[in-house]
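This document opens with one chain alone, in structure tokens, the form predicted alone.
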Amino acid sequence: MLTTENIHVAIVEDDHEIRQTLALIIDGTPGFWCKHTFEDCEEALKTLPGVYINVVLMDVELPGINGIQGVRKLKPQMPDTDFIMLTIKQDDETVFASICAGASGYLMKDTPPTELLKAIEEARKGGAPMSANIARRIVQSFHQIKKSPLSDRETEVLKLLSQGMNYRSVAKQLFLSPHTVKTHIKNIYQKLHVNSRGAAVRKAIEDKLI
């Protein structure tokens, strides 16, 4: 029976078998409801902001717009919705990029159904569900954080660049002139020993500077 007390779940997953299996498990469990499933982010972006959804299970690797980009686009439109990444990838860069994009949790695709349902409930209660090995990697990464060579302002600039903003947008956001932003970017390149925006963002994520 459909009620607002049910946890309404949507799934974005390009593998048909996985998508259908997850939907059947969730929709067949009392207290859960799942009728919105998508094979790509493009369709999810068109539909999800207009429907009542509590939790979105989002595949990381999708054709076209990937899961991280999808969460980054959807979260501002759905601030009360929790996004849980489902993936086979557990590298630090992907995990942290997902969290920075707005994901509430990060689970491996082989997570048992009972644990997946508990994770969905945990997310709705304000938790941040993660597979044990992912949580361990995050704790270890915090122990390995390097002292940043960047100033606070340079870090702010780099964070905005990592979100896809151009120089003028960064300048407007930080109330700076475009010339000042370019100077900060030049200093960032020198300090990180890189010569492009992509390389700067990649190194900053790898070194946990942003």
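Keep in mind that what you see is a predicted model, and the values were worked out from it rather than measured. Throughout, we count residues from 1 along the sequence that is shown. Take the two forms, superpose them, and find the largest set of C-alpha atoms that agree within 1.5 Å; that set is the rigid core.
The same protein has a further form, the form predicted together with the DNA, not shown here; the description that follows concerns it.
Judged against the DNA in the predicted bound form with a 4.5 angstroms heavy atom cut-off, the residues 151, 167 and 191 are in contact without exception. Although the partner is absent from this view, residue 20 stays clear of the DNA in the predicted bound form, with no non-hydrogen atom inside 4.5 angstroms. Shown alone here, residue 197 lies within 4.5 Å of the DNA in the predicted bound form, counting heavy atoms only. Although the partner is absent here, residue 172 lies well away from the DNA in the predicted bound form, with no heavy atom inside 4.5 Å. Proximity of residue 16 to the DNA in the predicted bound form: non-hydrogen atoms within 4.5 Å are absent; the residue sits far from the partner. Picking from 36 to 44, 52 to 60, 175 to 183, 22 to 30 the stretch near the DNA in the predicted bound form, with a 4.5 Å limit on heavy atoms, gives 175 to 183. If you fit the rigid core between this form and the one not shown, you'll see the Cα of residue 11 move by less than 2 angstroms. Taking 2 Å as the criterion, residue 190 counts as shifted between this form and the one not shown: its C-alpha moves by at least this amount when the rigid core is aligned.
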